[in-house]
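A single chain comes next, written as structure tokens; it is the form predicted alone.
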């Protein structure tokens, strides 16, 4: 049943996403010569926050923002198959393709801007402004790389793209992978592109005013969305997966790279982020697109 399949996908993404977030906090702490919290601390916090009341209210639109963000994250997950050779954990991928997934991924910033905008918190507004300013530059190289991959595979179906990689795209088309990887680091909110919720500068950024169950909802959607993006990258560039073990080790290796990248490099300012994303990965993606178009597979 498709309902059971969707439920299993959501539960898997929820728990694995929180485990990865716990590993992120723990590994980052070790980079900084700290012990850090336990791996499951973020999961415990989300449950604790869900049982607490909100400290402040700014009207229904303020609460609608996190709901739109969570809806975007969950629907994105449902249209990304976990395995390319199985009908299980395929969700709604048979009813939508990569174009729809790219569209759904934009619901998060929209909901964020709507909810935070009515709150009036200067840190939140500053974080949203930074995020929207960076959005086009962040998406551009990723979209170019994805269009090239669809052209090479002659399909917009994610499972077809994953299954058609005799040599994984990361090796067959390294320029496209490198360009998409820069965008992916930014999508995951890691340095040097973490200007949206930059600690100290904008406090917690867009999440500043949220508390209680809506803060828990934001944490949950972040965990689910992060796992969905990891699975998408595995399908597009790392040959997909035909079982949970392969999916987990591929997503973990990719996640570990993102953590290490963010721990090594300092934060860009917003103009620096936009300037770098347009000049470096976008140019790399265009060159990769030219090579892919001229020489194909």
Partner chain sequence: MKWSIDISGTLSPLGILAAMMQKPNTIAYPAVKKETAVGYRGFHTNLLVDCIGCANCQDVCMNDAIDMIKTDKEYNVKNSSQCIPRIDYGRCCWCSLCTDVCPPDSLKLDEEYLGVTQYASDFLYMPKDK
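All figures in this text were calculated on a predicted structure; none of them were measured in a lab. Residue numbers count along the first chain shown, from 1.
What comes next is about the form predicted in complex with the partner chain, which is not displayed.
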| property | result |
| --- | --- |
| Residue 253, heavy atom within 4.5 angstroms of the partner chain in the model of the complex | no |
| is_contact(residue 20, the partner chain) in the model of the complex, heavy atom dist at most 4.5 Å | no |
| Contact of residue 283 with the partner chain in the model of the complex (heavy atom, 4.5 Å) | no |
| Touches the partner chain in the model of the complex: residue 258 (any heavy atom, 4.5 Å) | no |
| Partner-contacting position among 248, 27, 39, 238 - heavy atom within 4.5 Å of the partner chain in the model of the complex | 27 |
| Residues in 20-51 close to the partner chain in the model of the complex, defined by a heavy atom within 4.5 Å, in order | 27, 30, 31, 33, 34, 35 |
